[in-house]
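Here's a solo chain for you in structure tokens, the form predicted on its own.
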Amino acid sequence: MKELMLGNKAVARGLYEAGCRFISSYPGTPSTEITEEAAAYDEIYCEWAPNEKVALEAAHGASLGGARAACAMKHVGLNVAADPLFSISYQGLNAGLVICVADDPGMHSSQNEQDSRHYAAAAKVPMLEPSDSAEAVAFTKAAFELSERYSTPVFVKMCTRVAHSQSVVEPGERAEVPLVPYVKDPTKVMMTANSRAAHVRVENRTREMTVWAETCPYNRVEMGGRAIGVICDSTCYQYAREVFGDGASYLKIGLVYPLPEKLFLDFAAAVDRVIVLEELDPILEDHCRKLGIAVEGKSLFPLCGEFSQDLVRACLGLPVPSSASIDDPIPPRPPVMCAGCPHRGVFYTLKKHDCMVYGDIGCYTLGALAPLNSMDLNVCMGASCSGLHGFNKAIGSEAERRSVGVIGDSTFIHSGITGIIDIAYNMTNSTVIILDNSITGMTGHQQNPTTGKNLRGDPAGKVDLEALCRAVGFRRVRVADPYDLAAMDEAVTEELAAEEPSVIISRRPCVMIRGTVHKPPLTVDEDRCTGCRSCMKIGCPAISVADRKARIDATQCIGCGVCTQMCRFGALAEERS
């Protein structure tokens, strides 16, 4: 029975049909749903790991134990997993290992645009790149076969558009693949002599796969009009088909590493003009140029951002079809923290203290936006802790008394722990605020090691943040409720003044956690409201001002009461009976 299937769900289906038994991942848009969908299959053990490095190492361990295994991550997560990746490429496997990585052209939910195809070439690891959901199933299954044939991990590379769009899939049956017996092999210990021999094996494997790539079923030629030949991959194949139809010929690349040579040369010889259409970096274009093929690529198309059919048409000087439009201009709608978000009280307090705030990656990054404007910078997961330490070491006591790092509970577990160890061990009077909202919020409410539940919501081991911080060397560890502005102000004031490292744990569950019971929405006493707009300083989307009076949207307000602490006239309160 055919069905419309989300690209990420299709990858999960491919993992299931391939007989995958073990999946370890860290959530990250646009890859998160792969593991969530795979968890729906009882035959697959699925878990959230503390970070992507751990996830890949765990999946590799499962492979060595004889089970087909996988892990999933977004493109920046692959940076974290890069250390084991390169050694696993040398060491080899026992059962198949598939690494699902999702790029984010256009940075819909990411801090950078990076092209994961570079990792395939750098680590000498084959990479398959589907262009729709049907290929996502087929390529994922094929990845396990390639992995076991060549004893290498295999990438399945998604992107936001393929991961989060739907196309037709015809589900198949699960292959019950038996465990592969583990056999001791001292050559798998990656030390000097073994590593040198392993490098030779990897280069031989790459040469063998390059020959196989010439006729593999994942690269295909579709001949149409010969005036233009388009070399493309992923969603760019879909865009090219929509723009040119049968008026052009196509070399559709599904195995993006290693790339064939003769296939490219023969295709180029069969057409009059060769255009390379690929998002982000010119990987296919550079390959063509190395082969001496005259091509047009980034001279026509941008290096940055996500492509579309209309962008392709515009870059080629073709007519762009008119689209529906609205005459009245629509004001921009920037993202904001939810009404009642516990992080709001923290950022309001930090702005009040005029702090330099070293931020991190999470929904709390929205604290950088108006009217809070309370985050100076962010770099990557966990950088707020170690970056704050370096910042304070450079400037000294002047910085220590007005700078803080903020980090979410999940991000802290991911890679903030080592940063606070650096603070404690090398002794800066740095203050780190852990925003503990009891969930991994930004990627859609996944569990993490601080929540006491595993991926499926079953009881699990729970990290005690206070005990952990004390164990690594912090004597000053305190918990504050971000809904209590006075308590938060006191905590920030005292810890910034302290002459030693400190941690403030801002603890209040995310308001969007399923099953959370909220208080009734607040009301405005118009007789008391002076229109001073103090309540607007926290940027709550449930509060607005009209006719010089505060207004509260009862459909959004959860009665958190933070705004009542800012009103000097008692105009905001629970609904009076």
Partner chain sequence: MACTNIMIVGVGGQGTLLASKMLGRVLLDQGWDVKVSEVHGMSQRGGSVVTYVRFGDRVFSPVIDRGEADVILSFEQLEAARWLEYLKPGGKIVTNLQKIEPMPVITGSAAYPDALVDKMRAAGADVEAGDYLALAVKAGSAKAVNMVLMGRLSALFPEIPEEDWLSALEAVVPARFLEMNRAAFAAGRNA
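Rigid core here is just the name for the largest C-alpha set that superposes within 1.5 Å across the two forms. Numbering follows the first chain given and starts at 1. Every value quoted in this text rests on a predicted model; they were computed, and no experiment measured them.
Keep in mind that the form predicted in complex with its partner chain is not shown, yet the notes after this line are about it.
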State yes only if every one of 66, 152 and 456 has a non-hydrogen atom within 4.5 Å of its partner chain in the predicted bound form; otherwise state no. no
Sole residue of 310, 115, 466, 494 within 4.5 Å of its partner chain in the predicted bound form, by heavy atom: 310
Name the single residue among 428, 403, 160, 447 that comes within 4.5 Å of its partner chain in the predicted bound form, judging by heavy atoms. 160
Would residue 533 show up as a contact with its partner chain in the predicted bound form if we use heavy atoms at 4.5 Å? yes
Would you check, heavy atoms only and a 4.5 Å threshold, whether residue 168 touches its partner chain in the predicted bound form? yes
Contact label in the predicted bound form: residue 238 to its partner chain, heavy atom within 4.5 Å: yes
Does any heavy atom of residue 266 come within 4.5 Å of a heavy atom of its partner chain in the predicted bound form? no
Looking at heavy atoms inside 4.5 Å, which stretch does its partner chain contact in the predicted bound form, given the options 288-296, 363-371, 70-78, 417-425? 363-371
Sequence order please: the residues of 332-361 with a heavy atom within 4.5 Å of its partner chain in the predicted bound form. 332, 333, 334, 335, 336, 338
Do you see a C-alpha shift of 2 Å or more at residue 330 between this form and the one not shown, with the core held fixed? yes
